[in-house]
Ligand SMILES: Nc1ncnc2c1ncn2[C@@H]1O[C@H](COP(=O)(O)OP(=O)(O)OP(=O)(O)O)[C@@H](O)[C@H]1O
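What follows is a single chain, given as structure tokens, in the form predicted on its own.
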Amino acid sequence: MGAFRQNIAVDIGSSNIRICVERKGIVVEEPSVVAVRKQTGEVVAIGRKAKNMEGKTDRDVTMVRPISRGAISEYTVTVNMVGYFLDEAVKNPIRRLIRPDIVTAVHCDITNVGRRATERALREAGAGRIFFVDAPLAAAVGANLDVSAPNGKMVVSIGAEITDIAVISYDGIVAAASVPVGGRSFDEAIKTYFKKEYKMIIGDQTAERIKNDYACVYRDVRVQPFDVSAFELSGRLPVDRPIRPDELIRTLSDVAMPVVEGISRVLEMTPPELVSDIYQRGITLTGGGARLAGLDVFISKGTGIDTITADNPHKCVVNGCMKILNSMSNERKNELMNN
């Protein structure tokens, strides 16, 4: 039966879950959210269907985001969510009999407890052999960096709630750190800005849309004004207000500054020879949070190191996981399982 096992990569993020299947590519890309009935614990909807229900259901239905800061916070909900999406990805009635080999990425600072919880949840959701990869290493492979080379590469992977920063050489992580900043940090800053400056209340989805489509973290990157429709804090009346992208620069740059500081800390931990490589070769940004306009320029100016954003940065981790798993022989997999 082992000869029929599929290779599957699973990236379970705080904001989204992505599943990549061997020879098929990414077949699942959905929000990591589950609608659950409070009284019974019954799962009402999962993923995009659940997110579309947000703010539109009765009080008995609550939205659960089972992954918090890269770790499982709601175990049973996570099992239900991952199992559901594995069924969607494989669509094979005997998937539970021929359990796939699964690789998943973990943050640099995950605890042993967190790792065991993730392994147990994947196993319960239908995984066979389970392999872990450090998220920055997976991101580097997904960004097509040569991680096996002896020179140093720096990858900054900006997720929904955590940014992983790592220097990679010879297929391993030489120095790394995690910063509690991510895409949602920018969303919250945008919401706070509108509440403070304009006495307007905007929701999570509106803040995310502003971040992705209009906002920037460095001057002159985006200049086209845009309109925001929201409720006034007093009176709760809907209003439309024109906004300039540069209004948000100060707010968003304050959020991004800890990432620059984290890069400096990692460089201090890195051998001088590899630091020299990084100054020559630059920094690569990955992760969904890397799509914020001007963030690469902001980091480049703050560190003095050329910074580029990888193609499709939000898919780098799952694609890297898939490449790593596909490169493993069955003997190598067995060896890792026995260690």
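Numbering starts at 1 and follows the sequence shown. Remember, predicted model here, so these are calculated numbers, not experimental data.
Although not depicted, the form predicted in complex with this ligand is the subject of the following passage.
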| property | result |
| --- | --- |
| Non-hydrogen atom within 4.5 angstroms of this ligand in the predicted complex for each of 161, 208 and 287 | yes |
| Heavy atom contact within 4.5 Å of this ligand in the predicted complex, the stretch among 264-272, 126-134, 182-190, 143-151 | 182-190 |
| Heavy atom of residue 16 within 4.5 Å of this ligand in the predicted complex | yes |
| Residue 212 within 4.5 Å of this ligand in the predicted complex, heavy atoms | yes |
| Contact test in the predicted complex: residue 107 vs this ligand, heavy atoms, 4.5 Å | yes |
| Distance check, residue 65 to this ligand in the predicted complex, heavy atom within 4.5 Å | no |
| Candidate from 283, 292, 50, 310 lying within 4.5 Å of this ligand in the predicted complex - any heavy atom | 292 |
